[in-house]
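In the structure tokens that follow, a single protein chain appears in two forms: structure 1, then structure 2.
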Structure 1
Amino acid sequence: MAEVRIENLVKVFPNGTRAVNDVSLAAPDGEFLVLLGPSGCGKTTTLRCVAGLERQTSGDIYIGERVVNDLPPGERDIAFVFQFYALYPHLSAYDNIAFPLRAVGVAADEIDRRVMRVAETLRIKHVLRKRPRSMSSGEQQRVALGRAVIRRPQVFLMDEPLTNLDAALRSDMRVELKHLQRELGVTTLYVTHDQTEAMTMGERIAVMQLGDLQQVGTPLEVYQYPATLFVASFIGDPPMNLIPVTLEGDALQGASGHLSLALAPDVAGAIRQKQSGPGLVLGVRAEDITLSGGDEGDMRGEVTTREPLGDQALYSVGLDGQFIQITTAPTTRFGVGDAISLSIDRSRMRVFDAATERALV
């Protein structure tokens, strides 16, 4: 078990693509750190550099106190998990889990000790003699997980291991993997493009885009206090509403007068002091807007769509050529075409600089 530290990592591919651009990042011993971003953001390249599958152009990688830049993958004491493979149908759960240890010639009593320990953590001791066919699907998943983690490396590196599973299995595996990681206490770097996986599994999330590290923080930090417009648009389901505004006096004004948001003087002052130009972007989450039928409120608009999602309703309201999304309790019943007012929870909104794309308040 060890800390993983990446310092000023740069990776330029022979074709000139700058996949990773001066990224510095550390996962303390035992942490579950998620690298999150869309395809092409550099998250997998970063992971592959840590694994030793790619040689970085510059920068250093530490595992524990050791610089591992020049070590081949086999000497870095890491386990790379691409996906949780199907079990061997002709082997018992025990033999499935023991497989990776037998393959490298670990002694039988050591294998037994480790299999029992993993089986205990995963609550599958009672199925160790069974073959996959006679286990429930939940038991099969946990056996597959056990096999993936039976080697006890310093670090797990996981690259979208849940991607090919169906939705129900994926959410079960998320829960079991998170629990197992905490029990084992092995530092884990986990790459995904799925913000739900990142939010639910990561102790911290590192958000990347186009090779740059945008923000590192706990799930709630990146959700509530996105540092950049990109993070705001990438984290959260639905994503944060981003509305172009300008500061007039102490109020944020939308393009056409349908939005007017009075701010506390100190907040307005802070924006004025930090802004690089007149263009601002108001960021507000769908659950931080309240709808009402009256004409009080910060914005007025018309309901474009209402989507019932079972445990909540998602409204879309047209405002100056864009759509604002609002989530409410499933019982609200505004109809399409209804004129409504929107009130914004000022304690939970963000204001970004449109030019630098960074959060101001």
Structure 2
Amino acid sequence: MAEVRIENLVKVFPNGTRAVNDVSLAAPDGEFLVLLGPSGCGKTTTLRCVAGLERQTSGDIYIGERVVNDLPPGERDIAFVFQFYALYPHLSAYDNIAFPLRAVGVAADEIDRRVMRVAETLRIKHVLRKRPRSMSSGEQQRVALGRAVIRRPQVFLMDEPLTNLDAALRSDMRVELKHLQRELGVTTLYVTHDQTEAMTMGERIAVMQLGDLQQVGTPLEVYQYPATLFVASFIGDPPMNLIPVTLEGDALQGASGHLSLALAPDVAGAIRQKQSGPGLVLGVRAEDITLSGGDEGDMRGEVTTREPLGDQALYSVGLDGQFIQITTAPTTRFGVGDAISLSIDRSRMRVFDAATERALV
């Protein structure tokens, strides 16, 4: 097993598209690191550079102590699991899984022992004699994983391997993949655009956008303490509420006076010292706002929708031309059109610089 380290990685395609922009990232030995972001953010290109399927324009890639910049994929000791399985259609599941071992001349009895062990772990012994066309999507995905696992590589690279599965199977496979990775202890880089996968599977998450690395941290860190406006808006369901404000004295003020949020003098001073211009953005999670029917609170608004979700209710409240989303206990009852007060948990809020889009406090 080995650490994966990326230093100042840049990838520019021949048409001039800059897919990866000076990304530095490390996954310690045995870590499950998720690369998360929307389509076109550079996460798959980064993974393909690590695999050797793309040649980086500049920068260095280490697997263990080796610089692998010039090594072909077959010499990097990695296993790549693709989104579209890439199984050999004319081979049975058994032969698909065994293929990497046969390619390097492993003895037949050892191949059989390892195939059966992998098949038992992935619960696919019943499909070993089937060909891909007679298997379900979930079974094909397990076979593709088995083919990767059986090689016992130093690193697993996985590019959205669960995208083509239905919701229930995707949930089951998340659990199985995480369990398998912990059991094997193999360093894993996992690419996805699905924040649920990232939050439930990753020990750490690297959030990317337009080729830039926005933030790296544990799932809790990127959720509670987003470093940029993009991370704040991308992570969370519903995403973080983002409200344009200005700092006047020791208080954050909304555009039309419906929001007035008093700050401790030292917090206001820190914001004033760090901000690059007058524009600020207040970020607050839906669960960190409380509703009341009185006049006490940090802002006033009007209920536009209420969505019961079983264990909670999701309110949308109109404020200064935008909608603020709040989650409450299901027993909270306000009707559409009700004027209400909203109070913000100051210990959980974030303030961003509108120009740099970076978090200030």
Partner chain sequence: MSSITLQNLTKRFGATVAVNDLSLHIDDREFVVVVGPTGAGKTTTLRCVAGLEKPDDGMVLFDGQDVRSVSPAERDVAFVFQNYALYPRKTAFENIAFPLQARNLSAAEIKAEVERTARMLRIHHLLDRRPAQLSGGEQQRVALGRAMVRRPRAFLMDEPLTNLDFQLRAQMRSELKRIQRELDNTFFYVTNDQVEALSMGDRIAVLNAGTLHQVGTPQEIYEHPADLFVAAFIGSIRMNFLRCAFIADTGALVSADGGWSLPAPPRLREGAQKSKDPGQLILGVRPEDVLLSTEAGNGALEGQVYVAEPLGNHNVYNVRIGPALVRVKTPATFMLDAEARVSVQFNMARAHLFDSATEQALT
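Here the structure is a predicted model, which means the values were calculated and not measured. Numbering runs along the sequence of structure 1, starting at 1. In this text, rigid core is short for the largest set of C-alphas that superpose within 1.5 Å between two forms.
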{"query": "Matching structure (the form predicted together with the partner chain), either 1 or 2", "finding": "1"}
{"query": "Rigid core fit then K274 CA moved by 2 Å or more between structures 1 and 2", "finding": "no"}
{"query": "H126 C-alpha moves between structures 1 and 2 by 2 Å or more, core aligned", "finding": "yes"}
{"query": "Displaced residue check between structures 1 and 2: S92, CA, 2 Å or over, core reference", "finding": "yes"}
{"query": "Shift in Å of the C-alpha at M135 between structures 1 and 2 after core superposition", "finding": "12.3"}
